[in-house]
Every structure is written in C-alpha cells, then in structure tokens.
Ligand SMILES: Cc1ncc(COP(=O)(O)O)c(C=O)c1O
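A single chain, nothing else alongside it, follows as structure tokens in the form predicted alone.
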C-alpha cells in the first residue's frame, strides 16, 4: 500500500469549520443478522406489487447505459393525474430527503460559516427559552420530529429552530404559539411532520390549515406516513402559495431501496427548486418503479388496510400488558413499556432477535418506537414480550 503524501497541513484543516462541527444524521440500525425481525425503521412489511417487480426486471436492459429522464417527466405526469394538478406543480427527488435539503438551499439564507457550540438542537431547546429573531436564516420545526431537520439546517449554515410540541405531541394552537414567543411565524422555512414521527400522532387538515394561514414563510407539510392516516393536507398547497406537501414512495409503497420522493406546490416554488436541483437526480429504475406503482394502487391500498389492522391489534395487546400506547396514524407506534426501562426492553427484545427503536432523546427516552410488521411478525413480538414479562415476574 503506498504511503500517504506529506503536507504541512493536517487533512482536517482543509475541511470547512462548519463541516468539522457537524453531527451527521443517525439512521436506524441496518443489521446483517439472518432471521431477525426488523421493526426499527418503519419499512413496509409487504413487498412491492408483482407488476412493479416485473416492470423493474424488464427495464434491466440496454437502457442501463443511458441517462434517465432528467426531470422524471413520465412520473410527474402520472402524479399530476393522481393529484388532479399539472406536472408544473411537482418535482421528483432522490427520496424526499433530497428535496428537503433542496428546500433549505433554495429558501433559507445561510447564517454564518460556523455555528456556536451552544446553538440549540432539536433535543436541547427548553420551554420558555427565546432566540433572536433571525427569520431569513431559520429552519423551524416542532420537537420531537424528524431528526434530519436540524442536520439539514446546520449543513447549510442556517439556524435550526426547534419548538416543543404541546402535551402528548399535539400541535400547539396559534394562541399558544404566540403566547410562548417561541414560534417564528416569519421563519424562512418551517417543517411540519404530519402525521408526526416519532410519535405517530396525526393532525387534522383544519388545524394544519390554521397554522399555514398564519405562516409568513415557506411551510412544508412532510407527509411521509400519510397513507396510513385518516386525513391528508394535499389541498393546502393549492390554497396557500407558500405551502408545499412532501410525499415519498418509501414508507407506504415499499420502494425504500429505489429512493423516490416528490413535492407538490405552486409552480413558481417548483421552478425555483428545479433551478437548484442536480442533473439526473432520480435513477431510471426508481422512476419506472414509481410509475408502475401508481398503475397498481389497489394492491397497495389493501396493504394499507392490513397494516392499520395490525397496528390496532398490536396497540390493544400492548395496552393489555399495561404499556401505554400513543394513538398512531402511521405504520409504527410509540409505546411506553412497564417494568424495565425502555432501553432495557430494547436489549431484551434484541436477545429474542427482534429489533425496535429507542431514542436517547429528552422526552423520548422512556418510549420504544415499533414498526408495524406482518401478522406473523406481530405475533412473534408479542410472544417475546409475554416471555420476558414472565421472566421478570419470576425474578
């Protein structure tokens, strides 16, 4: 192996100060363990439609040497037909994560090259604290919510601005937000996860509309889990020109591997995002899989119904164990176990080859987040919990 070439500077010295201080997003564990039940990253337990798999297999041909459609036009047309709008209302990305990052770059001014060490993160802001009004540099979100949001803000040199949710992870009313002085209605970008993650709680279109109506800056309604919910907010980008809805093919449509997401918004906002978008940002097989998915929606709607039924069965069983379970409109639940700590339950379930999610985050450390699996996976999880409870009682 060749020796490293010497240089008077340390390699770290070439890295921007902002980047040196960043804490990267921590994804859910992706273990390589045979036979393990994976209930920690909210993947759909059911495979894509057989028709989707066939379309992808058939596309593995000479097209692989060609660039994909640069704007995913066939997919945008299919989405426009589904949502009764025009392709100019839609931009497709390499997962919704890419589009969220793109929105930060498009709508938020960087604040400075390096961020102070005491800048609040999504887990550190306390009720009653106040921040200087620097709205044009601010990426605002409720806490807890998607932990990627502060990472996107900080990597852009913007100011992450977490605001606590109300009791039981509900959205504060406008009066509560004004009274607290924490929420910045003029923030350059506000990100609202609906239904919420990691709590699973759903929000009504009416309460989201009231909040959007009060907003002065860009507002993104991140609907990654909306197909498992009772309501969606798709009408709001057509009521409010400053509102975007974010959707993904990952959670409900079993295409995590392909990474396809999209925004719906006013054409002027979509045009601005296109100007910032990387060329050929969505792979061709992902585009083909997404178009085929939209052509077989009855298959997926049956799976949504099965997941909602399994979610209720899991919630009822955990409640019978004495665990508290938050109401969920997603494909996961947030539950507070009894007896040992949530972290101890995490390790105990791992010993039974079942992986769930625990967050070392203030306000969440007492909970486990559990993805809703197939009926067989739910049965195995509940059997493991019963066994562990009996063992605990004996000791």
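Note that the structure is a prediction, hence the values are computed from the model and not measured. Positions refer to the first chain, counted from 1.
Here the subject shifts to the form predicted in complex with the ligand, a form of this protein not shown in this document.
Trainee: Residue 193: heavy atom within 4.5 Å of the ligand in the model of the complex?
Mentor: Residue 193: contacts the ligand in the model of the complex.
Trainee: Is residue 201 part of the interface with the ligand in the model of the complex - any heavy atom within 4.5 Å?
Mentor: Heavy-atom contact with the ligand at 4.5 Å: absent for residue 201.
Trainee: Any chance residue 97 has a heavy atom within 4.5 Å of the ligand in the model of the complex?
Mentor: The answer is yes: residue 97 has a heavy atom within 4.5 Å of the ligand.
Trainee: Give a yes/no on whether residue 251 approaches the ligand to within 4.5 Å in the model of the complex, heavy atoms considered.
Mentor: Because a heavy atom of residue 251 falls inside 4.5 Å of the ligand in the model of the complex, the answer is yes.
Trainee: Could you tell me if all three of 222, 225 and 259 have a heavy atom no more than 4.5 Å from the ligand in the model of the complex?
Mentor: Yes, all three are in contact.
Trainee: In the model of the complex, which of the listed residues (183, 107, 169, 146) lies with a heavy atom within 4.5 Å of the ligand?
Mentor: Looking at the other structure, the residue within range turns out to be 146.
Trainee: If contact means a heavy atom within 4.5 Å, which one of 242-250, 201-209, 295-303, 156-164 is the stretch that engages the ligand in the model of the complex?
Mentor: Only one stretch passes the 4.5 Å heavy-atom test: 242-250.
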